[in-house]
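The form predicted on its own is given below as one chain in structure tokens.
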Amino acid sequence: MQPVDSTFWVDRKVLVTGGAGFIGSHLTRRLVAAGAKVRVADNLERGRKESLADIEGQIEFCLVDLASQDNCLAVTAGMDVVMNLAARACGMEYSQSHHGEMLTCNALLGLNILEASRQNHVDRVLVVSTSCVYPDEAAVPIREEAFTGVPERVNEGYALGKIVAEQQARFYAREYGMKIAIARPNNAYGPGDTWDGDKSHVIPALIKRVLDDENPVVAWGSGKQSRAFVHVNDITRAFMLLIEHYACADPVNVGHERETSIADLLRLICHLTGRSPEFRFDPTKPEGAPRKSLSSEKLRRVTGYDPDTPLEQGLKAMVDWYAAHFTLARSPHHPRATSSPQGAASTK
């Protein structure tokens, strides 16, 4: 993997909100390696402080609720760069029945951080949006121009919250001259993306079911629906490159065009784990868009980068991570342990 700019991040004061979460912890580790002075702000609702244990002495950690504007002002003070990964992001099973909660929470987090960054004269800000902002009928692979303001239905509330933040970013760039990058990532996966009941994304949900020796393994939809899964290393690299090269309040996809059906994903997970359960798909349950992948043409054009981690390679690392942590995670005494839900894995 090509390195990001070897000098841009050295000694820059960088705030990562949601930095104890799945993507946030990987980004924080990459920023530290690039020489940045990193502050992490997280309420640990879904993040885990232990995910930063290996760099604990190299970062400043703030346990804080970013729904409070005063807290946002405090953590953004003195920062050169703010990378806002704070979000309430869940799998389709949870998201489709909590639209109001998802809209309110994500809009508030986006607006609070932008306003605090404006007041504190932060030099550059990253707004992390989502590919869920695109309509269900968008042509695949989806280009940025497909945005109509009408998001995909199963994640409507979540997407609308992100759309609010995107629009405020455009207004603030125009009215105050703020340098803001807007990223629309798609279907992130990788080590550290833990199973979290009905809030889980499809890959950790399926890996857990297979490693739990469930038989049959049931997934929502036909199994024919396809997604382009993007490794967390590719996503964090793209985030940093967008801050470096394209902080102009113009949204950029962070994804690629290589689609995999949910049935093929499950087969690959079984191959990598050495399991062979029966598969069952439940077409009475929603499956989201039949196909979803993002055009990476604009990302290549503005940063020179194209996400390139092969799915099998990325999944193997994730399966190995799960296997290494599984005994602890399954212990009834572990604080995050819980039994498998009766519902099936859903796609986002």
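Start at 1 and count along the sequence shown; that's the residue number. Since we're looking at a predicted model, the values are computed, not measured.
What comes next is about the form predicted in complex with a small molecule, which is not displayed.
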Partner contact check in the model of the complex: of 66-74, 52-60, 276-284, 314-322, the stretch with a heavy atom within 4.5 Å of the small molecule is 66-74
Distance check, Asn43 to the small molecule in the model of the complex, heavy atom within 4.5 Å:
yes
Do Arg227 and the small molecule share at least one heavy atom pair within 4.5 Å in the model of the complex?
no
Examine Val81 and determine whether its closest non-hydrogen atom to the small molecule in the model of the complex is within 4.5 angstroms.
no
Would you please decide whether Ile180 lies within 4.5 angstroms of the small molecule in the model of the complex, comparing each non-hydrogen atom pair?
no
Picking from Ala138, Ala173, Leu211, Ala188, the single residue whose non-hydrogen atoms come within 4.5 angstroms of the small molecule in the model of the complex is Ala188
So which of Thr130, Thr236, Ser200, Asn155 reaches within 4.5 angstroms of the small molecule in the model of the complex, heavy atom to heavy atom?
Thr130
Any chance Gly21, Gly24 and Leu109 all have a heavy atom within 4.5 Å of the small molecule in the model of the complex?
yes
